[in-house]
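Have a look below at one chain only, the form predicted on its own, in structure tokens format.
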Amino acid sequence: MSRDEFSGFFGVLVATVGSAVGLGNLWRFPYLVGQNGGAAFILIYLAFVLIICLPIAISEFIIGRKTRANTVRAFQILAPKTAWSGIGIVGVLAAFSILAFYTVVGGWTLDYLVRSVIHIFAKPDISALESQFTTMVTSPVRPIVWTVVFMVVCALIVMCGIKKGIEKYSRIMMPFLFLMIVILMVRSVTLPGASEGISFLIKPDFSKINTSVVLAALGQAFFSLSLGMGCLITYGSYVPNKENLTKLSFTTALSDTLFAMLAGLAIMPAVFAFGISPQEGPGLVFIVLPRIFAQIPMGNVFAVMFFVILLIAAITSVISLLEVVTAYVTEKLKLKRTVAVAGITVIVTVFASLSSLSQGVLKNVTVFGKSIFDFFDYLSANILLPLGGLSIVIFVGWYMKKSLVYQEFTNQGTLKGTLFRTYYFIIRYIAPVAIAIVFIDLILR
């Protein structure tokens, strides 16, 4: 079966950045910054991205491009008749687990986009906004309808393939996404009283650093770049041989971090300008920001813009996760892409509907003491992703032949590979320890 391929560097870049840039940047990063002391957290986060996460991203790309296969088959090729293929299975399960709850949040975003268009958030009544959010997420019908719409949009893109689907639409969505977040940032930083929020993001207070802050920064850096879930291995299998994987990984990490910073500047100055605590947590996006939009000139326009940004970020992340499962199913079962995507979409929608209902009518149904939504969140974030990431660095650093890793790192010797020794040292010794520490911390919480 012939495999599709990205057209070139920019095509694979916008796709991989789209995978990395998601709700984690717009929703999780700002409130983690708020809860962990601002600029000091950001500096630690940036250090982890550069020192640990970048080498892991390169490793995933190396595995994908070397094998030209889905995330399970890749390990079967590199380590035939061994248990290493289990790493690929972990990646597919992680992608599916994330889809089972992430798509629900994508549906919420669609709902809020429509609400912002019809001026539902015209009054800054915090109790009314909280009530609206609770009513929406606990409804047995409305969020499921929006989740189905969201899934159909993502499925149609993936059905079109790599070049004509994922790359084509990423080329449109990602530049638009960055343009809109810049506009929103300019509006935020020019609000009266925004300077305190800017200072919060750029002036580090190192007295706030403790073990939990360091672990939170490492965890966010790891998850923000879509590591351990098979996305970069799968996308790497579509990368042309001529492309520099180190350059691609660095540019992806840089773009993802830049977007996270822009998101912080688009949200935190506005939060401080209206005297709201930066430690609001997960409710920041769906409750606090609508309250802010209701109080600024042309706030409805900026509300629409924000939820469009959130929606695009959710779509680009979901299509990468959907592609992980699709690549495995099409190559394993020899199915046509359209048939595989349609089947996977139906199954994901069923589990996503259960996750949605667990916020309301199924709230008393638990899996290991957690709601269905929280179970998929915990399973992916606390177990499958760190387990997959840890296994990958051990595999590349200790199992794969160093010569094979070097060949892909240097594009078969056509590149100098100046940083190869540094990269290889990190993959063998530093990354495994760092991920193991985060893994243990997540499990013990």
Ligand code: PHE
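Here the structure is a predicted model, which is why all the values come from computation and not from measurement. The first residue of the shown sequence is 1; numbering continues from there. Basically, rigid core = biggest C-alpha set you can superpose within 1.5 Å across the two forms.
Just so you know, the form predicted in complex with the ligand exists too; it's not on screen, but the next bit is about it.
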| query | finding |
| --- | --- |
| Contact label in the predicted complex: Ser170 to the ligand, heavy atom within 4.5 Å | no |
| Contact of Thr109 with the ligand in the predicted complex (heavy atom, 4.5 Å) | no |
| Distance check, Gly24 to the ligand in the predicted complex, heavy atom within 4.5 Å | yes |
| 4.5 angstroms heavy atom contact with the ligand in the predicted complex for Tyr102 | yes |
| Heavy atom within 4.5 Å of the ligand in the predicted complex - the one residue of Ile435, Ile427, Val14, Ala20 that qualifies | Ala20 |
| Residue among Thr252, Ser188, Ser237, Ser320 with a heavy atom within 4.5 Å of the ligand in the predicted complex | Ser320 |
| In the predicted complex, segment of 338-346, 133-141, 229-237, 67-75 with a heavy atom within 4.5 Å of the ligand | 229-237 |
| Rigid core superposed: Gly161 CA moves 2 Å or more between this form and the one not shown | no |
| C-alpha of Gly219 moved at least 2 Å between this form and the one not shown on rigid core | yes |
| Is_shifted Tyr45 between this form and the one not shown (CA, 2 Å cut-off, rigid core) | yes |
